[in-house]
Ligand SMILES: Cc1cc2nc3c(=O)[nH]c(=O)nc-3n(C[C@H](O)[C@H](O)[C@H](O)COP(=O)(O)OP(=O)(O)OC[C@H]3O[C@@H](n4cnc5c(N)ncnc54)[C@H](O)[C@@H]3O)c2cc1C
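Here's a solo chain for you in structure tokens, the form predicted alone.
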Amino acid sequence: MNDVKDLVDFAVARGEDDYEEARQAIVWQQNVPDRFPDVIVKVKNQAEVARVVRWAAANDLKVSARSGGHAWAASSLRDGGVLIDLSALNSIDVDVESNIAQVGPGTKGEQLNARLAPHGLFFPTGHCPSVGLGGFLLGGGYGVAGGKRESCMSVRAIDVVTPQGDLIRADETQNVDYFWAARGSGAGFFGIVTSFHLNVYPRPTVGMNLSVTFPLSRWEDALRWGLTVSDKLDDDVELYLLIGGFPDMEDPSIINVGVLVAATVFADSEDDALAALHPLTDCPVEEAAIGDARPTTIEEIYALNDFIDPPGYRYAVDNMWTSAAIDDLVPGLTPIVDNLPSPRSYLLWWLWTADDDQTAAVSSPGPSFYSAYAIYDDASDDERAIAWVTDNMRALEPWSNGVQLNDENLGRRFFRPLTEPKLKKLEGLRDKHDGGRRFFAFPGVE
């Protein structure tokens, strides 16, 4: 242990005074799993990452990495091995001529877009502002103003530390196995990305949001309407339906319990945005309250998501992708809605796009995404909240095509994190590049 402390400024082993504080800080939320790395280290640069990986190999220790700590299931927190905290790797370098940004994995979404905004640029980061870019991109996340395309497909290259402790560049022309896997394999990746090279885009001129609310008792009607109206929307419209607790549109500090259907679009003009949202203004469901379209910004979306998923709470989350018909799903969704474990808890349906791009590991076997979020503040409710998400999603497995990484629950309910062909390919690449299994695989596998 003493020799790793010669490599970095901060390293703490299990049993030492500062260990539990460091372990708790790894996870963004308050429900920290009972998993205990042998050693936690904090690094300042990619050279330190490489040295720690080589030290782990010399001491026959497995390795995991943490970027922002926002993955609900705390995938970076494992039993045994070395946990490398990358949060200090948060540099941002923008080339405005080529529209390429080089960012560290510890960079938060709001930090990147604050840096890009003065240049008239943006990147589709995670919807919660504190999400780190590392886990978000590795996990194939969908971003703010990103439409129905995974943000990891905007990664042009990565700098990565291999299982042997070498630092390499990977892109579509070199070290292509790492480049394929880094875009979508999440906690199953067999390396540590120390820098992402990203395409960044012209910042949207106009953003508009339109919301429709329903009483909780009309959730099935609202969902059926949402599925129907989604076919009339352009791909640039981001549409979701939330059943349970959500912030009041006039005063987000107030939590309503009901159904919220919300659509956001970023366009070149207000007229274009209003036209894109127009299908939502016609809802035949009784008691539907259709709001007025109103301007919004990326920063306002960050703030809204901090009200929906606030810091300082305990969370239990699980999800599925499905192509099943709504009639098949309603019997399994009903117990989720009928037994919300707290006023803030909710079931989320999100319209994304089924994607089987063979150039990357990312798997979105949709088109519909359903996720259950238990949000509460008392540790005595852990068992009930975890059972609510886990048992209900397990009951829906016959209709599930897989799970979305970072919003999953693999440690408690392992279900396909990638399509079967891509999972098989990933394991083959792991055998090829990390035959000694230096890096942890998906939770639930190890």
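As the structure is a prediction and not an experimental result, all values here were calculated from the model. From 1 onward, residues are counted along the sequence shown.
Same protein, other form: the form predicted in complex with the named molecule, not shown, and the subject of what follows.
Visitor: Could you tell me if all three of W28, H127 and A187 have a heavy atom no more than 4.5 Å from the named molecule in the model of the complex?
Guide: Checking in the model of the complex: W28, H127 and A187 are all within 4.5 Å of the named molecule.
Visitor: Even though the partner isn't displayed, in the model of the complex is N392 close enough to the named molecule, meaning a heavy atom within 4.5 Å?
Guide: No - in the model of the complex, heavy atoms of N392 and the named molecule never come within 4.5 Å of each other.
Visitor: Within 4.5 Å, heavy atoms only: does D407 come near the named molecule in the model of the complex?
Guide: D407: contacts the named molecule in the model of the complex.
Visitor: Does any heavy atom of V403 come within 4.5 Å of a heavy atom of the named molecule in the model of the complex?
Guide: V403 lies outside the contact set for the named molecule.
Visitor: Is V131 near the named molecule? Define near as a heavy atom within 4.5 Å, in the model of the complex.
Guide: Answer yes; at least one heavy atom of V131 falls within 4.5 Å of the named molecule in the model of the complex.
Visitor: Heavy atoms, 4.5 Å, the named molecule in the model of the complex: which of 414-422, 376-384, 65-73, 40-48 makes the cut? Say which one.
Guide: So the stretch in question is 65-73.
Visitor: Have a look at L86, L241, V362, V265 for me and say which one sits with a heavy atom within 4.5 Å of the named molecule in the model of the complex.
Guide: By the 4.5 Å heavy-atom cutoff, the listed residue in contact is L86.
Visitor: For the heavy atom contacts within 4.5 Å of the named molecule in the model of the complex, list the residues of 190-215 involved, in sequence order.
Guide: Result: G191, I192, V193.
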